[in-house]
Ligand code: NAD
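Shown here is one chain on its own, the form predicted on its own, set out as structure tokens.
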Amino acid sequence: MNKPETRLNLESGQILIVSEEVCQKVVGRKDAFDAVEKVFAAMASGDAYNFPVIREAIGHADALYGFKSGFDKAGLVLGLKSGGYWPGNAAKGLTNHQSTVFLFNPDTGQLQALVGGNYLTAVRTAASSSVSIAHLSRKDSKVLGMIGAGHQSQFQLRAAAEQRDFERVVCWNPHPDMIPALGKVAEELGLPFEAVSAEEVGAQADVIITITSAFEPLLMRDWIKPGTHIACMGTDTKGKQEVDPALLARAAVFTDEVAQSVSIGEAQHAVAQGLIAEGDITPVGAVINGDHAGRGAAEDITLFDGTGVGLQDLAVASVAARLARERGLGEVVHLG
């Protein structure tokens, strides 16, 4: 496999800058899916690993800020994502999530690229849940349920719709006024859409995606029917929570990274209550690699705890940088 500096065709001292606009031009859902699936597989086989996450409230603008970093030895991708969540940004016409990805040459440590991380964060998060749907949900799944109707939910819906032949979408959101925007996306995809209660989402859906910033369970264990696959995508910080901890005890639980799942992911609550143990959680990469069967039976409930790992960001940012360079869309600057 070629090394990153060969793929980017950069000289020493050159840095490629890839803007948000360019990222949206060059990275599609299939690119993100392939990159995330590949890095999950590398993580499970020990060829890629994440470093400890730093994520803190900064005491200003109610913002959360931090760093996610890692190294993919198989793909020779080294770097970090710096950024966080500014809840007041929407009122300013900005995306609440703001981030930038830094890519380094793993042979020399030199900075190679600065890549806009806002769009890539959204598309890689959607790719993560869609990878779980592809590998864990029943192939005959017909109803997609959405818990959450914010900005990220639109990416989630588009990505999920490409993995199964869904016939309709049901949705619940804590703020009902946000639901119509997601309904328009479903309409674009040709999928009938209905706003229902959270309990009805559980009763009707074969696949459920939770994508909120909740700190309390929104989906209860007894609401979920046998055979459902649930992708929990909103919990990425200590204290956050979207589903009943008892639901994890009932389900076969998978995740992007076990260490994050038990510390900042949805599993943190079930583990703290002694309902499940760390050893009960399986990396989804083991399923991708064929080392774990994944879903055991049609009636099983499967749950994917998508905590969001730094390697996902590095994987899609590396693709963005490579494609931008190939198409002459990135800006090259010189240092020193």
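One rule holds for the numbers: they count along the sequence shown, beginning at 1. Only a predicted model underlies this, so the values are computations on that prediction, with no experimental measurement involved.
One more form of this protein, predicted in complex with this ligand, exists but is not displayed; see below.
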{"property": "Complete contact of 178, 214 and 308 with this ligand in the model of the complex (any heavy atom, 4.5 Å)", "result": "yes"}
{"property": "Partner-proximal stretch of 148 to 156, 72 to 80, 161 to 169, 198 to 206 relative to this ligand in the model of the complex, 4.5 angstroms, heavy atom", "result": "148 to 156"}
{"property": "141, 112, 100, 173 - the one with a heavy atom within 4.5 Å of this ligand in the model of the complex", "result": "173"}
{"property": "Heavy atom within 4.5 Å of this ligand in the model of the complex - residue from 233, 243, 133, 253", "result": "233"}
{"property": "Heavy atom of residue 229 within 4.5 Å of this ligand in the model of the complex", "result": "no"}
{"property": "4.5 angstroms heavy atom contact with this ligand in the model of the complex for residue 125", "result": "yes"}
{"property": "Proximity of residue 137 to this ligand in the model of the complex, heavy atoms at 4.5 Å", "result": "no"}
{"property": "Contact test in the model of the complex: residue 261 vs this ligand, heavy atoms, 4.5 Å", "result": "no"}
